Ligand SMILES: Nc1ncnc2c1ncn2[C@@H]1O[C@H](COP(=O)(O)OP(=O)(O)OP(=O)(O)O)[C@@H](O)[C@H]1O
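Okay, so here's just one chain, in structure tokens, the form predicted alone.
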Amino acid sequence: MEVAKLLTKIDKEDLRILMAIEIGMKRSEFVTVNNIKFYSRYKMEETLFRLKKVHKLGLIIRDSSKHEIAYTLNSKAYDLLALHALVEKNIISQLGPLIGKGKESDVYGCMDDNGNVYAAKFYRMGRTSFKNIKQLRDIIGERGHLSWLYVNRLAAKREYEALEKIYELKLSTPKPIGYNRHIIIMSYLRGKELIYIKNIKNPLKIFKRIIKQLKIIYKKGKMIHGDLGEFNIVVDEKGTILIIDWLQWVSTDHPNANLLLERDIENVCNYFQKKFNIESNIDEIISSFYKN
């Protein structure tokens, strides 16, 4: 990853300039030079020098169309700020290759100083899927200016909190290791998403494991996935189930809880029926979730 190499070329003063722009982006997409100077607490000469450097490194976007020149961070700069923080906190020390790419995120392999291998999930909701942001109103609230940085930060925080809750249930969920801004570090995901698996030795057993895990999360964790399907159920060679992508989870007391739970179960049942010819009674499975 190109941005990981940039960490060696960046001074702490450069990072401070990037963070000053980040602060300013809470109010507007582009931040004026005067405001960057104010937030960084640098003199104008130092501010301009640092802006020139990070602009040359391709970390910021310049807007000179208004009466005052302004800058905004690009996704590379946001990656750099988050990675720097994770390295400083000794959560990770190396970033590896891209291991997965989804609609809203990229997943890279990474390591810490002790050689533990983790997965780093980078949320990429901003510029590409901004049209779908309305579905996240529950976590965004009614904000006037909606920065893509803020959306990705909130998305990562929300999923990290979900992972923490589920991990306490001692299920085979990714272990949450740490997060910063839009990056979550978790235990490495071994296995493949259900959609990419052509044959399963015992599909009925796998199906039952998925339903059992959903039920434990529903009853003990008081959580519903809300967007479950064959793309976010991972199965490894041993038949271990891993339910991933918890961004849109809701609690069991959410107004649409029953609707979302039933849709999740229907998605799983229909997929196993279509792909592996596993017959199931959807109504019976749903009613078993509501029993004490």
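What you see is a predicted model; the values in this text were computed from it and never measured. A residue's number is simply how far along the shown sequence it sits, counting from 1.
Although it is not shown, the form predicted together with the named molecule is what the next lines describe.
Contact here is defined as any heavy atom lying within 4.5 Å of the named molecule in the predicted complex, and by that definition not a single one of Asp14, Gly24 and Lys76 is a contact residue. Partner proximity in the predicted complex, defined as non-hydrogen atoms within 4.5 angstroms of the named molecule, places exactly one of 202-210, 84-92, 216-224, 113-121 at the interface: 113-121. Taking the partner from elsewhere, Ile244 is found to have a heavy atom lying within 4.5 Å of the named molecule in the predicted complex. Though the partner is left out of this view, Thr72 does not reach within 4.5 Å of the named molecule in the predicted complex, counting heavy atoms only.
For Lys198, no non-hydrogen atom is located within 4.5 Å of the named molecule in the predicted complex, even though that partner is not displayed. Although the partner is absent from this view, Lys101 contacts the named molecule in the predicted complex, with a non-hydrogen atom inside 4.5 angstroms. Residue in contact with the named molecule in the predicted complex (any heavy atom within 4.5 Å), chosen from Ser172, Ser147, Asn180, Ser187: Ser187.
Taking the named molecule as positioned in the predicted complex, the residues of 222-243 that bring a heavy atom within 4.5 Å of it are, in sequence order, Asp227, Phe231, Asn232, Val234, Leu242.
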